[in-house]
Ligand code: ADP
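A lone chain, given as structure tokens: the form predicted alone.
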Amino acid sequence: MNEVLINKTIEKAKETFKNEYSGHDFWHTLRVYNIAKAIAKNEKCDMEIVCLAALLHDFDDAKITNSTTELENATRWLNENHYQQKRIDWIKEIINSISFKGVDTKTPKTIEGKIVQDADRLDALGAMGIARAFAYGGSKGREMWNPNEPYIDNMNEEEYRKNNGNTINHFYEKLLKLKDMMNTDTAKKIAEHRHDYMEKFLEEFYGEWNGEK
């Protein structure tokens, strides 16, 4: 495994996300990388591809300030480090297939893609997922919750991208769906615990909102 490139990519991620405060910061990237490595140990896969795809998965994301439409940032970085074109294409295919897109969500074709998708989804669950949801909502000027604003179920990709609903609605529109969308057995076990934690949080949230607790 190319440890030199992986370590350089970690440093590049730190630089890329240094001014990112939407929950898609360097620490999110590092957690996805660490979760992906942990899952990959239980699967037959190309660990180098898993690591690089995990580290690069948000380099061009539409939710961050330096986003691109054709993965130009990730591609440029790999080309600058003389990475093989065939493996660049493999990483790009993974990145293009892991995002949540409502009813248009894809399942990656390869085990490496499935691992990275699971890792990214796990960081959207549990205590970390709750913290990131409110960080993202706040960065976009969204309400925490509005009881008069119903959540929207089964959105397609375009509807999901354009949706500016409140943060609590986001739990129902995406986060609580993720447990049943995991690919690997390792991720499924972790997701059960994190999902339960989020449900308990919502119960507490509604109780405090209504002044019952």
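Small disclaimer: the values here were computed from a predicted structure and weren't measured. Counting begins at 1, following the sequence as shown.
One more form of this protein should be noted, the form predicted in complex with the named molecule, which is absent from this view; the next part is about it.
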{"query": "S99, heavy atom within 4.5 angstroms of the named molecule in the predicted bound form", "finding": "yes"}
{"query": "Interface membership of K179, the named molecule in the predicted bound form, 4.5 Å heavy atom rule", "finding": "no"}
{"query": "4.5 Å heavy atom contact, A133 and the named molecule in the predicted bound form", "finding": "yes"}
{"query": "is_contact(G129, the named molecule) in the predicted bound form, heavy atom dist at most 4.5 Å", "finding": "yes"}
{"query": "Sole residue of E43, E159, D61, D46 within 4.5 Å of the named molecule in the predicted bound form, by heavy atom", "finding": "D61"}
{"query": "Stretch in contact in the predicted bound form with the named molecule, which is absent here, among 84 to 92, 106 to 114, 119 to 127, 71 to 79 (heavy atoms within 4.5 Å)", "finding": "119 to 127"}
{"query": "Triple contact flag N183, K188 and H195 to the named molecule in the predicted bound form, non-hydrogen atom at 4.5 angstroms", "finding": "no"}
{"query": "Within 4.5 Å of the named molecule in the predicted bound form: residues from 170 to 190 (heavy atom criterion)", "finding": "H170, K174, L175"}
